[in-house]
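Here we start with a single chain on its own, the form predicted alone, put down as structure tokens.
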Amino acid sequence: MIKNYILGVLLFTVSLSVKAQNQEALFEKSLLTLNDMLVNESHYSFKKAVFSVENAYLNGKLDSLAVNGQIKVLKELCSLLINGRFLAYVESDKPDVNKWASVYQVMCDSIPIIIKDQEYRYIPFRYDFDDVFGNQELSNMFISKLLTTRKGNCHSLPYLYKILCEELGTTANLALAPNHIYIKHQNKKNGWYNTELTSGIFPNDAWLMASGFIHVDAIKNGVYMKALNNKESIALVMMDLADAYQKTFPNNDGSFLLNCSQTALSVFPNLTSALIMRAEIHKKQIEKETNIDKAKQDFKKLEVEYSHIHKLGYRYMPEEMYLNWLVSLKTEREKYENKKLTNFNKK
């Protein structure tokens, strides 16, 4: 009996080890995929990048056929809106504006759909106030979860918006605020404007500043409110991969995380999430250092790292304050909505 028990424990331990190795290989594969997109721009695909991270965290169990099928349906719905309605916009960039408007409507508006003379009401995506930072379960931040539940957050909603825009052959720029991601567009009539998927409106920059956690230096240094290019967007996904790895392997030696953060910083030098992760890894290394003199030298370097992050304008925003700030966009809509923008749809 004892021998059988010991054998069972050994087999179980070996099984866990094999699973961990297989999952680690998925993370390495995702990292290679993201690296390739940064080196070879022709290989860029935001959708592929995001789902490579989700698949690694889910240990290869992401249903790619299902999520791609759902995205295809949403794309087709966008195309129906583009071709079937009048858009009150006359500038030369109307084709792009029409695509942006269709994606916005699919994500934020109830749409009447007629099938065989029967009218159905399309239900848009909603904001999920449960576990908004994925602290309890990281997959709550995923697009695959958003597509399944129709509820998402400031991570999955703008990511899906960007993917749908690119599926339609147009662009969408991600932008950062404290603990937050939103969309920036530029059209010929209005210039740059913000699209907020969590509440479905177009807020002005005053709302972003109202958080109280956006220092002027953070704007000047491109930490917040900057329209990110595709490489910088992949850098964000690279940090998603690092977070997923940390959640999966909490006792890791830090090398994978450093690889992710250093690669992200190579294309987005002022990405504070990468700077903070790199500093935190260096801090842990100092705590394990047995050579006192080397520890002192490394600690001085660490102080420089944290000082640099502060000088960039980064300030920590508590979760409760973030949620209050987010809700203020709806409760004080008249105050923060961009009055230059109108709904171009004429029904």
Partner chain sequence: MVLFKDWMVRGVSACILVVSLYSPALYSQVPNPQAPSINPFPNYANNGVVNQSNNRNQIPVTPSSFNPDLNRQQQQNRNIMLEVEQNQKLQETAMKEARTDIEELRGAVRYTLQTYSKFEGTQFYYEAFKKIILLDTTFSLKENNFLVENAYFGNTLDKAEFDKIITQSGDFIHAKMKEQGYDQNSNAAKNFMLFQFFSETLQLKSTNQKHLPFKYDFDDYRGIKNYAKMFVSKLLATKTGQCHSMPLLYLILADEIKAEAYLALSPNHSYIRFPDDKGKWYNIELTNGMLSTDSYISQSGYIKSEALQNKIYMENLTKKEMLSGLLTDLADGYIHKFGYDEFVKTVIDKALELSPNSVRANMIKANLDSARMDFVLRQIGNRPLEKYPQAIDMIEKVKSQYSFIDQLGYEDMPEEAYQEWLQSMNKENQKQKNEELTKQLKKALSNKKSTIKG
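Positions refer to the first chain, counted from 1. Please read these numbers as outputs of a predicted model, since none were measured by experiment.
The discussion below concerns the form predicted in complex with its partner chain, not included here.
The partner is absent here, but in the predicted bound form a heavy atom of 192, alone among 192, 129, 122, 86, sits within 4.5 Å of its partner chain. The partner is absent here, but in the predicted bound form a heavy atom of 186, alone among 252, 262, 186, 135, sits within 4.5 Å of its partner chain. Comment: 201 to 209 is the region of 159 to 167, 136 to 144, 201 to 209, 270 to 278 lying near its partner chain in the predicted bound form, near meaning a non-hydrogen atom within 4.5 Å. Against its partner chain in the predicted bound form, the set 43, 73 and 75 makes no contact: no member has a heavy atom within 4.5 Å.
Although the partner is absent from this view, residue 219 contacts its partner chain in the predicted bound form, with a non-hydrogen atom inside 4.5 angstroms.
Put simply, residue 226 is close to its partner chain in the predicted bound form: some heavy atom of it is within 4.5 Å. Contact check for residue 335: a non-hydrogen atom falls within 4.5 Å of its partner chain in the predicted bound form.
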